[in-house]
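Only one chain is included here, represented as structure tokens and corresponding to the form predicted on its own.
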């Protein structure tokens, strides 16, 4: 008769999410995506392919975009995690959130949280990225609804607004939105 080793049912960790430290108990096999959504109630991070191919679950871990479906929650102790819920400054949306809404850069919105976080990491690293750099930084984030142009324009507008909060969309962009 084989003896089974007792399985540890839950691990207890202190993780820092959106600037606050939380004590969380969860099954040791859970991904960070599952911990955020199921155990912490932060449902802005979306389930997508769960294979690391679509970018829908992108969060920032220590400032770097990471696919939360590929990271075990256990690995995150002592790390600083930012989800889409942590982008806004209280009631004030982040310039990325504002520009995405203003320019209609999201269609169904399912991929938007991951794109916003990948964009934030880019703008933190390069406050004035050229279009090619934006395209490269977002290449791991798939969107089925739009052609990406509005997304790139929203990132460019957010970059300008991080320097000048009163920056307006360029005339070329606005011309493209005329009906």
Partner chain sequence: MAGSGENKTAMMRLSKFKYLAPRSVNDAAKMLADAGPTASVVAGGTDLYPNMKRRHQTPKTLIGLRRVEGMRGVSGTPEGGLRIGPMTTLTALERNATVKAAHPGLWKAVHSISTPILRNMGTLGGNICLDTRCNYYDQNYEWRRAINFCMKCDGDTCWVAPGSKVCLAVSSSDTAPLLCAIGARLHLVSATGEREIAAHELYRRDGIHFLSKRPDELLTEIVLPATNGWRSTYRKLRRREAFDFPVLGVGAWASFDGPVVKEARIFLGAVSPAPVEAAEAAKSLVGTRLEPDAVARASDLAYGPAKPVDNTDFLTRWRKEMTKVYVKGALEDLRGS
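Positions refer to the first chain, counted from 1. Computed from a predicted model, the values in this text were never measured in an experiment.
What comes next is about the form predicted together with the partner chain, which is not displayed.
Contact annotation: residue 72 falls within 4.5 Å of the partner chain in the predicted complex, judged by heavy atom distances. In the predicted complex, residue 29 approaches the partner chain with a heavy atom inside 4.5 Å. Within this chain, residue 67 lines the site of the partner chain in the predicted complex, having a heavy atom no more than 4.5 Å away.
The partner chain in the predicted complex comes within 4.5 Å of a heavy atom belonging to residue 52. Within 4.5 Å of the partner chain in the predicted complex, a heavy atom is found for not a single one of 85, 99 and 132. Contact annotation for 35 to 52: residues with any non-hydrogen atom within 4.5 angstroms of the partner chain in the predicted complex are 37, 38, 39, 40, 41, 47, 49, 50, 51, 52, listed in sequence order.
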